[in-house]
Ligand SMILES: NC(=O)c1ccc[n+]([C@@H]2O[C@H](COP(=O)([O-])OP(=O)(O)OC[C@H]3O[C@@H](n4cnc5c(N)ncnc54)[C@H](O)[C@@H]3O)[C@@H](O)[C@H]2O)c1
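Starting off, we have a lone chain in the form predicted on its own, written out as C-alpha coordinates.
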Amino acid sequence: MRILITGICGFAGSHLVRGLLQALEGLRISGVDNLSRSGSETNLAPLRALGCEITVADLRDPGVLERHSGADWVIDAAAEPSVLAGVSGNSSATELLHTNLFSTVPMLEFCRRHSAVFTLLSTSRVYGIKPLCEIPLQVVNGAFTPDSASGFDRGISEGFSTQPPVSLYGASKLCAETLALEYGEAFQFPVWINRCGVLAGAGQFGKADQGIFSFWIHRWAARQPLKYLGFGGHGFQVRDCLHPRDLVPLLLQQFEAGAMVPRTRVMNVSGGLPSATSLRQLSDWCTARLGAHTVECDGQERPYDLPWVVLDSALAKDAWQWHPKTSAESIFEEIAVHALANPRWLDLCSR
(Lines give C-alpha, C1' and ligand atoms only; values in the text may rest on other atoms or scores of the structure.)
Protein backbone atom coordinates (compact mmCIF):
# COMPACT_ATOMS: atom_id res chain seq x y z
CA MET A 1 0.00 0.00 0.00
CA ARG A 2 1.14 3.54 -0.72
CA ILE A 3 -0.21 6.49 1.26
CA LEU A 4 0.09 10.18 0.44
CA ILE A 5 -0.24 12.51 3.45
CA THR A 6 -0.61 16.25 2.95
CA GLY A 7 0.64 18.34 5.85
CA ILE A 8 2.94 15.43 6.61
CA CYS A 9 5.36 17.49 8.69
CA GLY A 10 2.66 18.88 10.97
CA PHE A 11 1.82 17.50 14.39
CA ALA A 12 -1.02 15.25 13.22
CA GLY A 13 0.64 14.22 9.96
CA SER A 14 3.96 13.25 11.55
CA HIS A 15 2.25 11.17 14.26
CA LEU A 16 0.11 9.40 11.67
CA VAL A 17 3.24 8.46 9.75
CA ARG A 18 4.78 6.79 12.79
CA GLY A 19 1.55 5.06 13.77
CA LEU A 20 0.85 3.75 10.29
CA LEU A 21 4.39 2.46 9.83
CA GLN A 22 4.11 0.57 13.11
CA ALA A 23 0.74 -0.88 12.12
CA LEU A 24 1.57 -2.10 8.59
CA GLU A 25 4.61 -3.81 7.16
CA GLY A 26 5.79 -2.86 3.69
CA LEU A 27 3.93 0.44 3.77
CA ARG A 28 5.19 3.27 1.57
CA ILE A 29 4.40 6.78 2.75
CA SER A 30 5.00 9.97 0.83
CA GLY A 31 3.86 13.48 1.57
CA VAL A 32 3.63 17.15 0.70
CA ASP A 33 4.16 20.05 3.09
CA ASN A 34 4.91 23.72 2.51
CA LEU A 35 6.40 24.04 6.04
CA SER A 36 4.36 27.20 6.60
CA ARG A 37 3.67 26.28 10.23
CA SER A 38 6.66 27.37 12.31
CA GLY A 39 8.30 24.32 13.86
CA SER A 40 7.08 21.86 11.23
CA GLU A 41 10.50 21.95 9.58
CA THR A 42 11.88 20.02 12.57
CA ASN A 43 9.94 16.94 11.41
CA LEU A 44 11.32 16.93 7.88
CA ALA A 45 14.63 15.09 8.45
CA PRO A 46 13.25 12.53 10.95
CA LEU A 47 10.40 11.58 8.60
CA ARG A 48 12.75 11.24 5.66
CA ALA A 49 14.93 9.04 7.84
CA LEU A 50 11.89 6.77 8.25
CA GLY A 51 11.79 6.38 4.47
CA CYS A 52 9.13 8.96 3.64
CA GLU A 53 9.41 10.70 0.28
CA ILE A 54 8.51 14.33 1.06
CA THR A 55 7.97 17.17 -1.39
CA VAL A 56 8.30 20.65 0.09
CA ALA A 57 5.84 22.64 -2.00
CA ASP A 58 2.43 24.31 -2.12
CA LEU A 59 -0.39 21.86 -2.84
CA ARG A 60 -1.86 24.24 -5.40
CA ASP A 61 1.29 24.19 -7.55
CA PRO A 62 0.53 22.28 -10.75
CA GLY A 63 2.09 18.85 -10.89
CA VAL A 64 3.08 18.62 -7.22
CA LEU A 65 0.72 15.78 -6.38
CA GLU A 66 1.46 13.93 -9.61
CA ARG A 67 4.99 13.38 -8.33
CA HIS A 68 3.30 10.96 -5.95
CA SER A 69 1.13 9.15 -8.51
CA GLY A 70 0.62 5.56 -7.51
CA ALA A 71 -0.72 6.43 -4.07
CA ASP A 72 -3.97 4.62 -3.38
CA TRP A 73 -4.89 6.60 -0.27
CA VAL A 74 -4.71 10.35 0.38
CA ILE A 75 -4.95 11.62 3.97
CA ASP A 76 -5.50 15.36 4.18
CA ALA A 77 -3.84 16.64 7.35
CA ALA A 78 -2.88 20.00 5.81
CA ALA A 79 -4.72 22.93 7.35
CA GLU A 80 -4.47 26.27 9.04
CA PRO A 81 -5.66 24.92 12.41
CA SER A 82 -6.47 28.08 14.37
CA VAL A 83 -10.09 29.12 14.88
CA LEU A 84 -8.85 32.74 14.73
CA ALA A 85 -7.32 32.23 11.29
CA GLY A 86 -8.46 34.87 8.85
CA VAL A 87 -9.51 37.34 11.56
CA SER A 88 -6.55 37.61 13.95
CA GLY A 89 -4.14 39.51 11.72
CA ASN A 90 -1.69 36.60 11.48
CA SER A 91 -3.32 35.38 8.28
CA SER A 92 -5.87 36.81 5.88
CA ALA A 93 -9.22 35.26 5.08
CA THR A 94 -7.96 34.59 1.57
CA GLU A 95 -4.91 32.74 2.89
CA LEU A 96 -7.15 30.67 5.16
CA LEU A 97 -9.40 29.65 2.27
CA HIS A 98 -6.45 28.84 0.03
CA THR A 99 -5.01 26.55 2.71
CA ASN A 100 -8.14 24.87 4.05
CA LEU A 101 -10.45 24.80 1.04
CA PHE A 102 -8.90 25.58 -2.31
CA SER A 103 -5.97 23.20 -1.77
CA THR A 104 -8.52 20.42 -1.26
CA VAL A 105 -9.46 20.54 -4.93
CA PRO A 106 -6.11 19.24 -6.28
CA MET A 107 -6.27 16.37 -3.76
CA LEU A 108 -9.77 15.43 -4.86
CA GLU A 109 -8.77 15.65 -8.51
CA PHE A 110 -5.83 13.36 -7.72
CA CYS A 111 -8.19 10.84 -6.11
CA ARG A 112 -10.54 11.07 -9.08
CA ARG A 113 -7.75 10.38 -11.57
CA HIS A 114 -6.18 7.56 -9.56
CA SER A 115 -9.29 6.09 -7.88
CA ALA A 116 -7.68 6.69 -4.50
CA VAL A 117 -9.41 6.75 -1.11
CA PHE A 118 -9.67 10.25 0.39
CA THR A 119 -9.67 10.92 4.16
CA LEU A 120 -10.16 14.43 5.53
CA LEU A 121 -9.20 15.30 9.08
CA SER A 122 -11.87 17.84 9.97
CA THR A 123 -12.76 19.61 13.20
CA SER A 124 -15.31 20.05 15.97
CA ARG A 125 -15.52 23.71 14.96
CA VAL A 126 -17.91 22.96 12.10
CA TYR A 127 -20.75 23.08 14.65
CA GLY A 128 -22.76 26.27 15.06
CA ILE A 129 -21.53 28.85 17.56
CA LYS A 130 -24.95 30.15 18.59
CA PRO A 131 -26.48 26.75 19.46
CA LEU A 132 -23.25 25.72 21.21
CA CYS A 133 -23.44 28.84 23.37
CA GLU A 134 -27.07 28.06 24.17
CA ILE A 135 -26.28 24.72 25.81
CA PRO A 136 -27.30 25.19 29.49
CA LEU A 137 -24.23 24.86 31.68
CA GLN A 138 -23.37 24.76 35.35
CA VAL A 139 -19.98 24.79 37.08
CA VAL A 140 -18.92 21.47 38.60
CA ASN A 141 -15.43 20.87 40.03
CA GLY A 142 -13.99 23.92 38.28
CA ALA A 143 -15.45 23.13 34.86
CA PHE A 144 -18.48 24.03 32.80
CA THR A 145 -20.79 21.01 32.63
CA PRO A 146 -24.12 20.65 30.75
CA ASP A 147 -27.18 20.57 32.94
CA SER A 148 -28.39 17.03 33.53
CA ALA A 149 -31.60 17.66 31.58
CA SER A 150 -29.86 19.28 28.60
CA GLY A 151 -29.47 16.09 26.58
CA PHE A 152 -25.69 16.44 26.22
CA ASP A 153 -24.65 13.81 28.74
CA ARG A 154 -22.60 12.08 26.00
CA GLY A 155 -21.41 15.18 24.17
CA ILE A 156 -22.17 16.79 20.82
CA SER A 157 -23.26 14.36 18.10
CA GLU A 158 -22.93 14.60 14.32
CA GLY A 159 -26.56 15.72 14.11
CA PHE A 160 -25.83 18.97 15.95
CA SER A 161 -26.44 22.14 13.96
CA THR A 162 -23.76 23.36 11.55
CA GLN A 163 -25.70 26.56 10.90
CA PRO A 164 -23.42 29.61 10.52
CA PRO A 165 -21.71 31.31 12.15
CA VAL A 166 -19.11 28.62 12.77
CA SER A 167 -16.06 30.91 12.29
CA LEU A 168 -14.21 31.41 9.01
CA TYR A 169 -11.99 28.49 9.99
CA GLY A 170 -14.97 26.24 10.68
CA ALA A 171 -16.65 27.33 7.45
CA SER A 172 -13.53 26.49 5.43
CA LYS A 173 -13.48 22.95 6.87
CA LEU A 174 -17.24 22.46 6.50
CA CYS A 175 -17.03 23.53 2.84
CA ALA A 176 -14.11 21.13 2.32
CA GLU A 177 -16.21 18.33 3.83
CA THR A 178 -19.09 19.04 1.45
CA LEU A 179 -16.83 19.30 -1.57
CA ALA A 180 -15.10 16.01 -0.73
CA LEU A 181 -18.39 14.16 -0.30
CA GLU A 182 -19.71 15.53 -3.59
CA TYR A 183 -16.53 14.53 -5.42
CA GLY A 184 -16.68 11.04 -3.99
CA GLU A 185 -20.31 10.65 -5.03
CA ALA A 186 -19.81 12.10 -8.50
CA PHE A 187 -16.64 10.19 -9.36
CA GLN A 188 -17.15 7.03 -7.31
CA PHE A 189 -14.17 6.98 -4.98
CA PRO A 190 -14.39 6.47 -1.18
CA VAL A 191 -14.40 9.56 1.03
CA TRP A 192 -14.17 9.61 4.82
CA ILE A 193 -14.62 12.69 7.01
CA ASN A 194 -13.35 12.51 10.60
CA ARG A 195 -14.27 15.47 12.80
CA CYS A 196 -11.57 15.51 15.45
CA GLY A 197 -11.68 16.92 18.93
CA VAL A 198 -8.64 18.88 20.14
CA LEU A 199 -5.53 16.97 19.06
CA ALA A 200 -2.81 16.92 21.70
CA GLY A 201 0.48 15.25 22.53
CA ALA A 202 4.22 15.70 22.75
CA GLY A 203 5.81 17.65 19.93
CA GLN A 204 2.79 19.82 19.20
CA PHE A 205 3.42 23.46 18.29
CA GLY A 206 0.86 24.85 20.69
CA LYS A 207 -0.54 28.36 20.77
CA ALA A 208 -3.24 30.03 22.83
CA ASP A 209 -5.74 29.65 19.97
CA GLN A 210 -4.70 26.16 18.82
CA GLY A 211 -3.11 23.23 20.62
CA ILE A 212 -4.18 24.66 23.96
CA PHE A 213 -3.18 21.65 26.08
CA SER A 214 0.39 21.66 24.77
CA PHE A 215 0.59 25.45 24.99
CA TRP A 216 -0.62 25.51 28.59
CA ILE A 217 1.67 22.75 29.90
CA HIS A 218 4.76 24.06 28.09
CA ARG A 219 4.25 27.61 29.36
CA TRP A 220 3.53 26.33 32.87
CA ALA A 221 6.74 24.28 32.89
CA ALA A 222 8.72 27.31 31.68
CA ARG A 223 6.95 29.62 34.19
CA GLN A 224 5.81 31.88 31.37
CA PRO A 225 2.70 34.09 31.75
CA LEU A 226 -0.70 32.47 31.41
CA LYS A 227 -4.21 33.94 31.45
CA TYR A 228 -7.74 32.66 31.82
CA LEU A 229 -9.45 34.60 29.02
CA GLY A 230 -13.18 35.19 28.77
CA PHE A 231 -16.11 33.68 30.64
CA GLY A 232 -15.34 35.74 33.71
CA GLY A 233 -11.65 34.83 33.71
CA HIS A 234 -12.17 31.67 35.80
CA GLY A 235 -10.80 29.04 33.41
CA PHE A 236 -13.98 26.97 33.45
CA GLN A 237 -14.09 26.49 29.64
CA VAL A 238 -13.84 22.81 28.60
CA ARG A 239 -12.46 20.83 25.65
CA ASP A 240 -11.86 17.15 25.04
CA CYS A 241 -8.52 15.88 23.74
CA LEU A 242 -7.30 13.12 21.46
CA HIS A 243 -3.85 11.80 20.65
CA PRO A 244 -3.44 11.57 16.84
CA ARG A 245 -1.95 8.08 17.05
CA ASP A 246 -5.35 6.86 18.28
CA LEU A 247 -6.74 7.71 14.84
CA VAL A 248 -4.66 5.02 13.15
CA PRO A 249 -6.88 1.96 13.84
CA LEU A 250 -9.96 3.85 12.63
CA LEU A 251 -8.26 5.13 9.48
CA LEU A 252 -7.10 1.64 8.56
CA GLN A 253 -10.60 0.22 8.95
CA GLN A 254 -12.07 2.98 6.84
CA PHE A 255 -9.53 2.39 4.10
CA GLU A 256 -10.24 -1.33 4.06
CA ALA A 257 -13.99 -0.67 3.89
CA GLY A 258 -13.47 1.35 0.71
CA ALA A 259 -16.73 1.96 -1.12
CA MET A 260 -18.96 0.04 1.30
CA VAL A 261 -22.15 2.11 1.48
CA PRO A 262 -23.93 1.27 4.76
CA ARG A 263 -21.51 3.06 7.06
CA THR A 264 -21.71 6.81 7.43
CA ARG A 265 -19.01 8.91 5.80
CA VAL A 266 -18.93 11.65 8.48
CA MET A 267 -18.24 11.03 12.13
CA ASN A 268 -16.90 12.57 15.31
CA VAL A 269 -13.58 11.24 16.55
CA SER A 270 -12.51 12.50 19.96
CA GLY A 271 -11.53 11.72 23.50
CA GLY A 272 -15.08 12.57 24.52
CA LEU A 273 -16.32 13.09 28.05
CA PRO A 274 -13.61 10.96 29.73
CA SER A 275 -10.98 13.41 28.41
CA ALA A 276 -12.98 16.62 28.91
CA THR A 277 -10.86 19.08 30.88
CA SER A 278 -11.21 22.74 31.80
CA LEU A 279 -8.27 25.13 31.95
CA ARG A 280 -8.77 25.35 35.72
CA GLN A 281 -8.56 21.56 36.01
CA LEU A 282 -5.51 21.52 33.74
CA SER A 283 -3.88 24.08 36.01
CA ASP A 284 -4.57 21.86 39.01
CA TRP A 285 -2.88 18.99 37.16
CA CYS A 286 0.09 21.21 36.28
CA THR A 287 0.46 22.32 39.90
CA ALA A 288 0.61 18.72 41.10
CA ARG A 289 3.02 17.65 38.34
CA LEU A 290 5.16 20.74 37.73
CA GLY A 291 4.80 22.93 40.80
CA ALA A 292 2.98 26.16 41.58
CA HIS A 293 2.50 28.93 39.03
CA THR A 294 0.29 32.00 38.89
CA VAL A 295 -2.42 32.36 36.25
CA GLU A 296 -3.88 35.80 35.62
CA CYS A 297 -7.67 36.14 35.49
CA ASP A 298 -8.76 38.19 32.47
CA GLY A 299 -12.37 38.36 31.34
CA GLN A 300 -11.40 39.65 27.89
CA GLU A 301 -13.52 37.96 25.24
CA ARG A 302 -12.04 36.62 22.00
CA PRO A 303 -13.89 35.97 18.75
CA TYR A 304 -15.32 32.45 18.45
CA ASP A 305 -14.47 31.37 22.02
CA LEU A 306 -16.85 28.73 23.36
CA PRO A 307 -17.47 27.57 26.94
CA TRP A 308 -17.93 23.83 26.33
CA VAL A 309 -17.13 21.66 23.30
CA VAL A 310 -17.00 17.90 23.85
CA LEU A 311 -17.73 15.52 20.99
CA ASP A 312 -19.77 12.33 21.20
CA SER A 313 -17.96 9.58 19.25
CA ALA A 314 -20.65 6.95 19.74
CA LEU A 315 -21.14 6.62 15.99
CA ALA A 316 -17.49 5.69 15.47
CA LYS A 317 -17.76 3.19 18.31
CA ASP A 318 -20.92 1.61 16.91
CA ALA A 319 -19.71 1.49 13.31
CA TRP A 320 -16.05 0.62 13.84
CA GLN A 321 -15.75 -0.44 17.49
CA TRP A 322 -13.37 2.51 17.78
CA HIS A 323 -12.48 4.25 21.00
CA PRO A 324 -9.44 6.30 22.04
CA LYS A 325 -6.78 4.38 23.91
CA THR A 326 -4.74 7.28 25.29
CA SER A 327 -6.24 8.94 28.36
CA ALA A 328 -6.09 12.67 28.97
CA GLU A 329 -3.79 12.00 31.94
CA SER A 330 -1.37 10.10 29.69
CA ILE A 331 -1.47 12.88 27.08
CA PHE A 332 -0.72 15.53 29.69
CA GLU A 333 2.14 13.48 31.12
CA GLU A 334 3.60 12.97 27.64
CA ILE A 335 3.49 16.72 27.01
CA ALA A 336 5.00 17.49 30.42
CA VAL A 337 7.95 15.15 29.85
CA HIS A 338 8.53 16.78 26.48
CA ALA A 339 8.22 20.27 27.97
CA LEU A 340 10.80 19.57 30.67
CA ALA A 341 13.20 18.13 28.09
CA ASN A 342 12.60 20.99 25.62
CA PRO A 343 12.12 24.18 27.68
CA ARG A 344 12.23 26.48 24.65
CA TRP A 345 9.97 24.37 22.44
CA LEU A 346 7.28 27.01 22.01
CA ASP A 347 9.87 29.41 20.61
CA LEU A 348 9.85 27.27 17.46
CA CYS A 349 6.25 28.21 16.68
CA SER A 350 6.47 31.89 17.64
CA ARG A 351 8.74 32.92 14.80
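Just count from 1 along the sequence shown to find any residue number. Small disclaimer: the values here were computed from a predicted structure and weren't measured.
Keep in mind the form predicted in complex with the named molecule is missing from the figure; the text below concerns it.
J.: Please run the contact check for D318 against the named molecule in the model of the complex: heavy atoms, 4.5 angstroms, yes or no?
T.: Residue-level check for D318: no, no contact with the named molecule.
J.: Residue-level question: is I217 within 4.5 Å of the named molecule in the model of the complex, judged on heavy atoms?
T.: Although the named molecule is absent here, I217 would stay clear of it in the model of the complex, with no heavy atoms inside 4.5 Å.
J.: So in the model of the complex, is the named molecule close enough to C52 to count as touching (4.5 Å, heavy atoms)?
T.: Because no heavy atom of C52 falls inside 4.5 Å of the named molecule in the model of the complex, the answer is no.
J.: Does at least one non-hydrogen atom of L35 fall within 4.5 angstroms of the named molecule in the model of the complex?
T.: Judged by the heavy-atom cut-off of 4.5 Å, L35 is in contact with the named molecule in the model of the complex.
J.: Find the only residue in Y169, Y127, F118, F236 having a heavy atom within 4.5 Å of the named molecule in the model of the complex.
T.: Flagged contact: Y169.
J.: So the named molecule isn't shown here. In the model of the complex, which residue out of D284, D58, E296, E66 has a non-hydrogen atom within 4.5 Å of it?
T.: When the named molecule is considered in the model of the complex, the option within 4.5 Å is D58.
J.: Just one of 285 to 293, 321 to 329, 37 to 45, 300 to 308 has heavy atoms within 4.5 Å of the named molecule in the model of the complex; which?
T.: It is 37 to 45 that comes within 4.5 Å of the partner.
J.: Using the arrangement in the model of the complex, list in sequence order the residues of 107 to 146 with any heavy atom within 4.5 angstroms of the named molecule.
T.: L121, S122, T123, in sequence order.
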